[in-house]
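One chain comes next, on its own, written as structure tokens: the form predicted on its own.
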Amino acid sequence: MLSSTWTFEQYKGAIIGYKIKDILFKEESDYQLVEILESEDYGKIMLLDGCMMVNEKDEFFYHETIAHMPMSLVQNAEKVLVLGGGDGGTVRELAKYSQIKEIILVEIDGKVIEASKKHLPQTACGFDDPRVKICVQDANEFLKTTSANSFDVIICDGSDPVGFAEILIQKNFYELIKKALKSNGVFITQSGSPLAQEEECKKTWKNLNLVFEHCNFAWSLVPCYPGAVWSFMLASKQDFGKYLNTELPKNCKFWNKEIFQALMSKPAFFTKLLSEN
């Protein structure tokens, strides 16, 4: 049994730490170091190359936002594509919708899926849904062979855009997304912290607007991520409507119609940041 503290820089010189009881999984994949730790108070924690991806106590803030926000903007979405998201949290939330007929998860690193299934069952439980199809493949390569107008919703649940993931905020990647999206579909991507990762937010916003006719941005709380305030950006070929989906997902800890409206509000500092492009 291990007794130690794992720490990381949470926000520009501020260090946050978690008391760790044990190391449950630690393997180097072809892409990154995958670790799962057992913490004293926050459940199991997944790290990729030493960066926090998931902790069981508060992951619902992130996964409920990134899944339910686009689903709330598309009427009767039946086919959904998730790029990244190998921990399974986004798929778990999507599986709450009876209207969805197919969920395709494209994750480059099979080790992430393997570790999540074994050690994060409350997060990865959606993988057992028969509507879920898993492709262990590079998202960019998958999109190159995807037919036009294939998906009602596309979700990019990727890690920070560095190294092999740098493509996830590039203009040519968004062009492939647009091609694969139906005319009334919605794309959402996580876009970093508007407090701690300003350049990532600005670059994502700039490149999305170069490709899509209609773009919007939102935010949420993710306590375990740098800055705790997290950004999400949405894009569509058609103008965004208001809250459309009449099927409110069950068993949510965070999400409801009022939360949707609040997270689509425009904090002044965030609007100013994106206007600096």
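Everything quoted here is computed from the prediction, not taken from an experiment. Note that residue numbering begins at 1 and tracks the sequence as displayed.
The same protein also has a form predicted in complex with a further copy of the same chain, omitted here; what follows describes it.
Participant: With a cut-off of 4.5 Å between heavy atoms, is Lys57 one of the residues that contacts a further copy of the same chain in the predicted complex?
Facilitator: Residue-level check for Lys57: yes, a contact with a further copy of the same chain.
Participant: Find out whether any non-hydrogen atom of Lys19 is located within 4.5 angstroms of a further copy of the same chain in the predicted complex, and reply yes or no.
Facilitator: The answer is yes: Lys19 has a heavy atom within 4.5 Å of a further copy of the same chain.
Participant: Even though a further copy of the same chain is not shown here, does Glu198 get within 4.5 Å of it in the predicted complex, heavy atoms only?
Facilitator: Yes, contact at 4.5 Å.
Participant: Given that the partner is absent here, does Cys51 sit within 4.5 Å of a further copy of the same chain in the predicted complex, heavy atoms only?
Facilitator: Contact check for Cys51: no, nothing within 4.5 Å of a further copy of the same chain in the predicted complex.
Participant: Mind telling me which stretch in 204-212, 220-228, 66-74, 29-37 gets its heavy atoms within 4.5 Å of a further copy of the same chain in the predicted complex?
Facilitator: Every other range fails; the passing one is 220-228.
Participant: Residue by residue through 119-149, which ones have a non-hydrogen atom no more than 4.5 angstroms from a further copy of the same chain in the predicted complex?
Facilitator: Result: empty, none.
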